[in-house]
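A single chain comes next, written as structure tokens; it is the form predicted alone.
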């Protein structure tokens, strides 16, 4: 055999990545074939599973989808999304907390990921740094790398377990020494992978410090807020949106709206990126550039998901039914977290601050080694760089008892 032959372009040579989440899921499924599914706890997949391990879906959404016209949904949607879908996404994102005296535009994207992609592509240049917290969803790095950017981090929370605004802006200032644009990816409330949520006061500080660094500075700050899990956060979690008013024109907020979790439509890949700005010119630029990127990547998005949201948005009774269904599962999710966290406290297992969401995280010195030990106990968790992600969304309450004890034991060995 001679030297390795590659036909890839130089920028793609050596590009590969094993998705650790799906690798753990596969390992769990293989073990289940040997010892029985009922004897395996698979806390890897980020989807809400019912007591019997089936995917949770909301009956109201399912009914709406079935009643939609196939002929209509099979036709192309506009590149930037159906106009009513765009408005529905804006209205449902902000609810009663829409910022006053600001300009808004929405563009349809395939899930929340599409909006993240476009924000990185259109608001940073090749070689630029993109900033997010030190606990983060792994595909942020994958997307940044794919587009020739570098993902860098600030501390999510300080020694007192409070959001570390100071460290975030320290890193923003560092970025501003070499870049005109600083793009910051924030995932709150119900952060993936920790369940951490920024407080209203945290957001006040982020906005005020952002204003200081953009007013008459010649630098641009773009906050991308990933709200994929917001509908599983406590009531009132949207209140911070009202703070995004009276911003300098070079301080842009983009919100990543997703129907995956909130509407149990993971595979339909329906979402939107929503821009908030004091400048109509900035909003027009946002719309034109990102619509162009839609055409240059996926063209247009799945239409049936957009039609479903429009139907729900227009019908208050249907939306009330959906919210009731969602609230019931939110309570179940909170109960799962309570069981784990109470046991963790009783056995002295440290966890990252958790408020709500599909996941919680246990800090660990050697996550892969601890995760490997736990597979011997038929417990499958996702090892991260600094800890272990526990997908409580995928584990029924009856199986959560004992998990924290097993993790603590494996860490102490």
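Positions refer to the first chain, counted from 1. Since this is a predicted model, take the numbers as computed values, not measurements.
The discussion below concerns the form predicted together with a small molecule, not included here.
Screening 210, 305, 112, 81 for any heavy atom within 4.5 Å of the small molecule in the predicted bound form leaves a single hit, 112.
Among 137, 163, 85, 244, the residue placing a heavy atom within 4.5 Å of the small molecule in the predicted bound form is 137. The closest non-hydrogen atom of residue 194 lies beyond 4.5 Å of the small molecule in the predicted bound form.
Contact annotation: residue 118 falls outside 4.5 Å of the small molecule in the predicted bound form, judged by heavy atom distances. At the 4.5 Å threshold, heavy atoms of residue 105 stay clear of the small molecule in the predicted bound form, well away from it. Proximity of residue 219 to the small molecule in the predicted bound form falls outside the 4.5 Å heavy atom cutoff. Of the stretches 120-128, 288-296, 146-154, 227-235, only 227-235 has residues with a heavy atom within 4.5 Å of the small molecule in the predicted bound form. Within 4.5 Å of the small molecule in the predicted bound form, a heavy atom is found for none of 93, 98 and 277.
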